[in-house]
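One chain follows as C-alpha cells, the form predicted alone.
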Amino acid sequence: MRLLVVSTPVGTLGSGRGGGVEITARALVAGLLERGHQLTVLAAEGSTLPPSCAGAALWGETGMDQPSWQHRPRSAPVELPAGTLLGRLWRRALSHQADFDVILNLAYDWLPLWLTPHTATPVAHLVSMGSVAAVMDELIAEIARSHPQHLAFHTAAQAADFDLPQPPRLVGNGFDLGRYRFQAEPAELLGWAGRIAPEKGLEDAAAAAARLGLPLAVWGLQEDPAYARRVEASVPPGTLRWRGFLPTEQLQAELGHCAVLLNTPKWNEAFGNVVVEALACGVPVAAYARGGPAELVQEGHTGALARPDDVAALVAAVGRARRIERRRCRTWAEQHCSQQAFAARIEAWLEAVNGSALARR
C-alpha cells in the first residue's frame, strides 16, 4: 500500500514533545517498510526519523503547536489557533490524498476525525489517548458508528473509555527490541520515565522512593518545570536524580540498571510505552492498576500492581516486583511487543480500512 502517516501536531519528531506518539510513529513506519509498503511521513518542520525509517519520505510543515487536549478542561471547545500546525498538516494531506491508498492519522485531535466521512482517500485513526474531552468523546462515538473500521486503539482499557457499538480493534504497540539490552543484575536504584507533568504522577513515585530509602532516576522532558520543583521539594535531598530526555540508546543503557520501574499515572494511559521499554531491559514494573499499564503489568510475572493513588500500596508493589526473575520481563516483551508483530497488526487493520473504502465506492 501507499501510506501517508500524519504525525502529532505537538512538537517535532525526535524532540520528545510528542510523547508516546513518537515511539509509535517510529515503530509502525519501520515495521511497515519492512513489510514492503511505501511510506510518507508528514510532520512538523525539523522532524527527524531514525535510520530504520530511512526508506520513508519525510514532509515538513511549519505552524503553531496544537494545544493538547489532556491539559484542557473536559468541557473545552475545539480550538484551532491562527497559523496552527494541525490545519497545515491536514491541508497538505488532503491536497495529496490521491497519491495514497490510506492516510494514517496519529493525532488525537478533532479536525482529522471530523474529516473521516469527507475524504476521497480513507483516513484511519490510531487513537492515542483515553477520554479527556466531551467533544472528542462525542466525535469518536460518531465515527465508531459510521466508519467503525477506521478506528484502532492500543488497549482494551483505553477503548472502554468510549461509546463503541461493537468490539474495538486493538493493536497494542511495537518496539525495535534489538535496541534494548537485557540487564540481569540491577543496582540499588528505582526508575521513573515520562513527561514531567502532573498527570504522570511523579510525586507519588518520589514519595515511594523516599519511604524505601532508594534513589529514583527520572527520565523525561520537563514539560512543567514548576511542577518538577514542587516534586523535588517534597522529598529528602538526593532522592531524585534528574536524567533528562534521552535518545533510546542512552535511555535503555541507564534504565536497565534499575531494580524496578515505577509507573504512576493519574489518568487513564492508553498504553504505557515506558513499561515495555523497562521490560525489554529486564526491569520489572510496579504500576498503578489504571489504564493500559494495568494490562501490560502481570502480577508476579512482569511486575506488581497497586491501588491507584495509594503510595503505601505502591511501596508494597515495589517489594513484590523486586522478587521477579528479570528474564521473564524480557521474554514477555519479545512475545507481545515486537516491532514486527505490531506492524503486522497495523497492516491487517489498514488493509481492512482500504477494503471497506473500496467497497463503498
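Each residue number is its position in the shown sequence, starting from 1. Note that this is a predicted model, so its numbers are computed, not measured.
The protein also exists as the form predicted in complex with a small molecule; that form is not presented, and the subsequent description refers to it.
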| query | finding |
| --- | --- |
| Touches the small molecule in the model of the complex: W242 (any heavy atom, 4.5 Å) | no |
| W114 within 4.5 Å of the small molecule in the model of the complex, heavy atoms | no |
| The small molecule contact in the model of the complex: V274, any heavy atom under 4.5 Å | yes |
| Exercise: P168 in contact with the small molecule in the model of the complex, heavy atom 4.5 Å | no |
| Candidate stretches 230 to 238, 81 to 89, 96 to 104, 195 to 203 - the one whose heavy atoms come within 4.5 Å of the small molecule in the model of the complex | 195 to 203 |
| Selected contact from W110, F162, W219, F182, since only one has a non-hydrogen atom within 4.5 angstroms of the small molecule in the model of the complex | W219 |
| Residue (of I140, L177, L251, V127) lying close to the small molecule in the model of the complex, criterion heavy atoms within 4.5 Å | L251 |
